[in-house]
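Single chain ahead, by itself, as structure tokens, in the form predicted alone.
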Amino acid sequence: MSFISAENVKFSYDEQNRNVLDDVSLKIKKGEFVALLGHNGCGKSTMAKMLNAMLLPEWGVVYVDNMDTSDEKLTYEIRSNVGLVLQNPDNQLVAGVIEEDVAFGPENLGVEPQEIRRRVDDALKAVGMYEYRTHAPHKLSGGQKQRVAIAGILAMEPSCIVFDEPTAMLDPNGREEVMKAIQSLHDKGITIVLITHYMNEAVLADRVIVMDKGRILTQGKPRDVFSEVPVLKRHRLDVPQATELAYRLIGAGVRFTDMPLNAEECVKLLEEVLG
């Protein structure tokens, strides 16, 4: 049973009806970790906004836990179920103290004060930011800010969190911090949809969906998708660095038993080849 289902979704931003999404259908299971990939303009961020009713299809339908996102009476419940974390955390931080910022969402949901306290503490602990709860957000690093933004969504206790390029503005340390937080949330059963340009982040997902020109190009397990190197390259899409190296070595006549997704797998396969 799918938690999120999009059926034949079409959407355009202009009067010329140039579809940003062109007959997109996809399904996401409860508790699944899905990475959504594609170059700029392929429609992935538009698709992300469809998943919590920030945008509505012009054609087709999106269901969240069997709720039609186009039903205005269900918008509140849908957005309580699906949280959206944006690329720039500064756009989501609204208070001068971290714990007050995380409490903002539950307060607007009308949650009781004692329950808010519990949710704020649990959310900050889940992303490793509890010890900073009385600090000012503007004094944090980029990775820390993004983790606080995640905590703010987490405090509303959604079933699913959609991350729209959450590490795009961060340095490598910040990206690692945020990805550890995302993996931790997935381990606790939260459904994750991650939009990213970093292939080393995508390989952590249960499933990868690749978009191109408003359509789904291919999808499957990371190893299966990234093994289609020629197809991805024809559409100007990247693959993990380890996969790229293996692909070039295969072109030079080296034979691999499998296609590596990370440095550790690549080293192991090279040791086998070199004997």
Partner chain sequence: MSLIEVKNLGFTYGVGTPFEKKAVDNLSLSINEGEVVGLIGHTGSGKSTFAQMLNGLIKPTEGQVLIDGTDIWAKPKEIRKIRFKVGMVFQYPEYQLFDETVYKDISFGPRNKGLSENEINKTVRKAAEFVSLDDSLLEKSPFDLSGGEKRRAAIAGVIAMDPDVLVLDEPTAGLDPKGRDVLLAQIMGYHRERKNTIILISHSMEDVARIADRIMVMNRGRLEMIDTPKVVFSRVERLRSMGLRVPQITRIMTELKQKGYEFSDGILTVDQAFDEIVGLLKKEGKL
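Residue numbers count along the first chain shown, from 1. Everything numeric in this text was worked out from a predicted model, so none of it was measured.
The protein also exists as the form predicted together with the partner chain; that form is not presented, and the subsequent description refers to it.
Participant: Classify Leu56 as contacting or not contacting the partner chain in the predicted bound form by the rule of any non-hydrogen atom within 4.5 angstroms, answering yes or no.
Facilitator: Although the partner chain is absent here, Leu56 would stay clear of it in the predicted bound form, with no heavy atoms inside 4.5 Å.
Participant: Check Cys266 for me: does it contact the partner chain in the predicted bound form (non-hydrogen atoms, 4.5 angstroms)?
Facilitator: Output for Cys266 is yes: heavy atoms within 4.5 Å of the partner chain.
Participant: Mark Ser25 yes when one of its heavy atoms lies within 4.5 Å of a heavy atom of the partner chain in the predicted bound form, and no otherwise.
Facilitator: Heavy-atom contact with the partner chain at 4.5 Å: absent for Ser25.
Participant: Please run the contact check for Glu107 against the partner chain in the predicted bound form: heavy atoms, 4.5 angstroms, yes or no?
Facilitator: Glu107: no, not in contact with the partner chain in the predicted bound form.
Participant: Can you work out whether the partner chain is within 4.5 angstroms of a heavy atom in all three of Asp14, Arg18 and Thr46 in the predicted bound form?
Facilitator: Per the other structure, none of Asp14, Arg18 and Thr46 touch the partner chain.
Participant: Taking the partner chain in the predicted bound form as the reference, which of Glu77, Glu176, Glu115, Asp122 has a non-hydrogen atom within 4.5 Å?
Facilitator: Going through each option in turn, the one that passes is Glu176.
Participant: Go through Met67, Leu249, Leu217, Val229 and name the one with a heavy atom inside 4.5 Å of the partner chain in the predicted bound form.
Facilitator: Looking at Met67, Leu249, Leu217, Val229 one by one, just Leu249 meets the 4.5 Å heavy-atom criterion.
Participant: Want to guess which of 48 to 56, 204 to 212, 217 to 225, 32 to 40 is within 4.5 Å of the partner chain in the predicted bound form, heavy atoms only?
Facilitator: So the stretch in question is 32 to 40.
Participant: Sequence order please: the residues of 89 to 119 with a heavy atom within 4.5 Å of the partner chain in the predicted bound form.
Facilitator: Heavy-atom contacts to the partner chain in the predicted bound form: nothing from 89 to 119.
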